[in-house]
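As a starting point, one isolated chain is supplied in structure tokens, in the form predicted alone.
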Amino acid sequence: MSKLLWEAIQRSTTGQLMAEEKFETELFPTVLADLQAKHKIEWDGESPIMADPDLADAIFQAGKELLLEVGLYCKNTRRIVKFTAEEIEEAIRTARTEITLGKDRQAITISPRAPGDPQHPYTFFPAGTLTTDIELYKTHAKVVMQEPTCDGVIPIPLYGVGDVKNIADSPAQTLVCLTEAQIMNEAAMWAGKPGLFLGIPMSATTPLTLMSAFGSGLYNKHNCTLPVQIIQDMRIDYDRLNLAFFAEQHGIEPWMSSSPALYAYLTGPEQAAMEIIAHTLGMLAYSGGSLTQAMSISVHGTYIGSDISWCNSAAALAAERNLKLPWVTFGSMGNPAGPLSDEAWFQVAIACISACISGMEGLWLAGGSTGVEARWAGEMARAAATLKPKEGVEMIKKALAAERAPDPAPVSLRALYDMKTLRPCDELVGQYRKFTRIFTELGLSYPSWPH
């Protein structure tokens, strides 16, 4: 457990009082802009990836100074929790740089990897779908877990169970989350992978449900993590601290997560990368965690674009050089274009290449809604692992410039798979083969790709 958890709790009652509006509209953006100017952190508006080691170090230093100068705003007490430089340095020095996820034959140990390291980033596939249909949800989970490149999964939130809606702060949400856990375990057993890493309880939105999800043992310290993520723009509440303490009591790996939104208070990807570092150091201080999920989004809800991929790679490279934490980012495009969309396949490939050349250790929600898309993400992460940063940047530029077919109408899993054998249809396999040819011609290869 972090030695600073109890200090954070104490300082939440003694720190400087400040109105939340003043914190988020005056203090935070002013210090952020000043630090960006001080460290000369600029994006050229064109590059989709940040591969400059010196700039990565500047981003890390700016992010650390952001945490030290601004602190974390506690929403419960309206006070600012600050740490000293010595405390943060100690937290960095004593952080765990290696973790094991899953159990028995499905256990994976994630260790630091530099850009171009032959150890591929691990891929955690999306399992399930947004529905109240339990059988359909389970089938979606099975089609990704059966793939050989499945290193683990991240459940998709369940809308409900039959007529029981997923209602926050009610027993209904606990029921839905426990159903999610049961289905994940059943699907993993069906796939012959009982020890598979099952991510985080995604149908839970409140600490009560998150904690309850571990009471059954379906989710446990071997197969699941507990979210302790910071709230947007340097804010925390007692829910975060309660979750961090619960994780420590039960030996559960904290899931540290930062997802800053571009173009709200943040003026660009430079500031988002700085904030990701500040968030990570803050979570490291109060949770003692290790596994870090970091990605940016736009206020319009998009997950792709050169600004977003630049931010994600910049924060990852800054962390790889200065933190060595197990670092994962978003591995799909997060839109409803569907599994036959060329744009979706290209964006998954770009995310995988970026992870490889930025020193990331994993991708979460890698692929798409089907097993074949998930397979593609896992194979891309393995095929691109040894790319040098310059090679990866050039490949990403070629992928961005490549011709795309217009997006077809989204289709259901039932139209893409034989629901009895769970074999993909010819059209989906054809899309897979099309993209293996495209990236083979760009210089990548994987044993299962047709030659």
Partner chain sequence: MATIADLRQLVSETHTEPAEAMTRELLAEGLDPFAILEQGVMTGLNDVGNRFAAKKAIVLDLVRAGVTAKACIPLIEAVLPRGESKKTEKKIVLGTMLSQHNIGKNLVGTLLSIGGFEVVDVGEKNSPWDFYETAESSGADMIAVSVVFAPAMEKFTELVDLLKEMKVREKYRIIVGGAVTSEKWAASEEADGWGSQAKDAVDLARDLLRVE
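Quick caveat: nothing in here was measured; it's all calculated off a predicted structure. Positions refer to the first chain, counted from 1.
Same protein, other form: the form predicted in complex with its partner chain, not shown, and the subject of what follows.
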property	result
Its partner chain: the contacting residue among H120, K324, R375, R240 in the model of the complex [heavy atom, 4.5 Å]	R240
Heavy atom within 4.5 Å of its partner chain in the model of the complex - the one residue of W190, Y265, F214, F246 that qualifies	Y265
Option from 133-141, 218-226, 347-355, 157-165 whose residues, in the model of the complex, bring a heavy atom within 4.5 Å of its partner chain	157-165
Every residue of I231, H300 and D307 near its partner chain in the model of the complex, heavy atom within 4.5 Å	yes
Contact label in the model of the complex: T25 to its partner chain, heavy atom within 4.5 Å	yes
Contact label in the model of the complex: Q146 to its partner chain, heavy atom within 4.5 Å	no
Close approach of P410 to its partner chain in the model of the complex, 4.5 Å, heavy atom	no
Contact test in the model of the complex: T129 vs its partner chain, heavy atoms, 4.5 Å	no
